[in-house]
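Just the one chain here, the form predicted alone, laid out as structure tokens.
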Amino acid sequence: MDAPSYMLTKIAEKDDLAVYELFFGPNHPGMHGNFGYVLEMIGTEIVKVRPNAGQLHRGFEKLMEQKLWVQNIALVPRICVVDPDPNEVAYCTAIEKIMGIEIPDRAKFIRTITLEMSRLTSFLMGMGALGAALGLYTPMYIMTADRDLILDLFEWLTGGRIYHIFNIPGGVRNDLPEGWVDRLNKVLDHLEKRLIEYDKILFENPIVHKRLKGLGYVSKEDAVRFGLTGPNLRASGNPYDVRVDDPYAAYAYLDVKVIIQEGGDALTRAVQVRIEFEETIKLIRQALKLMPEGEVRLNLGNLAMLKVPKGEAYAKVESSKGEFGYYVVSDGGMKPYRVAVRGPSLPAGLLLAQKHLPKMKIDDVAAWMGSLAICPPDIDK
């Protein structure tokens, strides 16, 4: 039976073989969000790829010029839905740099805790999605359920499960509610116990090893040359982590372990996330133990009337997918003059796609994307 014409179209012949064009986009369950690759294929082998980011066109950076400083806090989390908090912190930190202010110490620790919680939710979704891309749905179901436990805590703290809009210029919106820390510790205990099960059903699974070993190899030099950051960079042997190399929030007070591996392929990247997941739990426990009492925000008046002095600043944070950087320019008014966002998914989603996808089988595309944790809104912003 012929495939629907909107999915598969014969466009040419090469060496007496038909070349078909396939749109691998949001209609495919293995695609990450509203994004697409136009693939030219012979049989099941890809011969050419053309990234198509035109499914979004949300223009985050331009929209930010039209909104008040505080209104953008509700906009920036959408640049990476599964790990939204790093965008809030990077944006607010850039504003605070321009204003020349330092937030209270307790606010720094609360920011750090929520950032690492967001990292956990993103890792859980990423690990589960990678399993599903290989036909292993049990890990996805279990990890989605475990992720909900953290989202419950976010809802209790901020009122929102996905978009938290919790960080503000000068600190955070509110302090931790009574009983919240106890519940967080219980969730962390649960996640630590789950690690053995994660390993058995996913990371020790022979299907995972057979499908991911050697897939999408990135050398140590290429990782730097292509601009990879985060776990993808460290999985290729580069010991760089923004939390250590340029600390922000409360990371300067914590013992952040930078883990590196030398493998550089999809399997190594998957294991990298698994190891960093465990380290993230330890970081949250450190932050809870060291967090001081005190205020959680500066009094900057009515934030809806906030005017940021003329100036510019660049702030960067380490998200679960890599480095998010915000370059913010103020002309002294109530809205940003310019905001430019540097996200971690652009190098992999666009540049590495041109290197890796040709000669790859179509059944490996979703697994390749999952191993690099590509977040499409970060590309089309």
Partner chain sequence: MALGDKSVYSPLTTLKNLFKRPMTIKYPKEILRVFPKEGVSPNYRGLHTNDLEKCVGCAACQRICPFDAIEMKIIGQNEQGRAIKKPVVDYGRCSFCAFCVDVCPTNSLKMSRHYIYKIKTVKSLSAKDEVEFVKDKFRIMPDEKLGDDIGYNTGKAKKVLG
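Everything quoted here is computed from the prediction, not taken from an experiment. Numbering follows the first chain given and starts at 1.
Below: the form predicted together with its partner chain, not depicted.
Checked against its partner chain in the predicted complex, the candidates K220, K307, K97, R274 yield a single residue with a heavy atom inside 4.5 Å, and that residue is R274. None of W156, F226, Y253, Y248 but one reaches within 4.5 angstroms of its partner chain in the predicted complex through a heavy atom, and that residue is W156. Within 4.5 Å of its partner chain in the predicted complex, a heavy atom is found for all three of V70, A145 and I201.
Proximity to its partner chain in the predicted complex, taken as heavy atoms within 4.5 Å, picks out 160-168 from the listed stretches 236-244, 113-121, 285-293, 160-168. When its partner chain is considered in the predicted complex, L75 lines it closely, a heavy atom lying within 4.5 Å. At a distance threshold of 4.5 angstroms between non-hydrogen atoms, E197 is in contact with its partner chain in the predicted complex. Contact check for R297: a non-hydrogen atom falls within 4.5 Å of its partner chain in the predicted complex. Interface membership of D189, defined by any non-hydrogen atom within 4.5 Å of its partner chain in the predicted complex, is ruled out.
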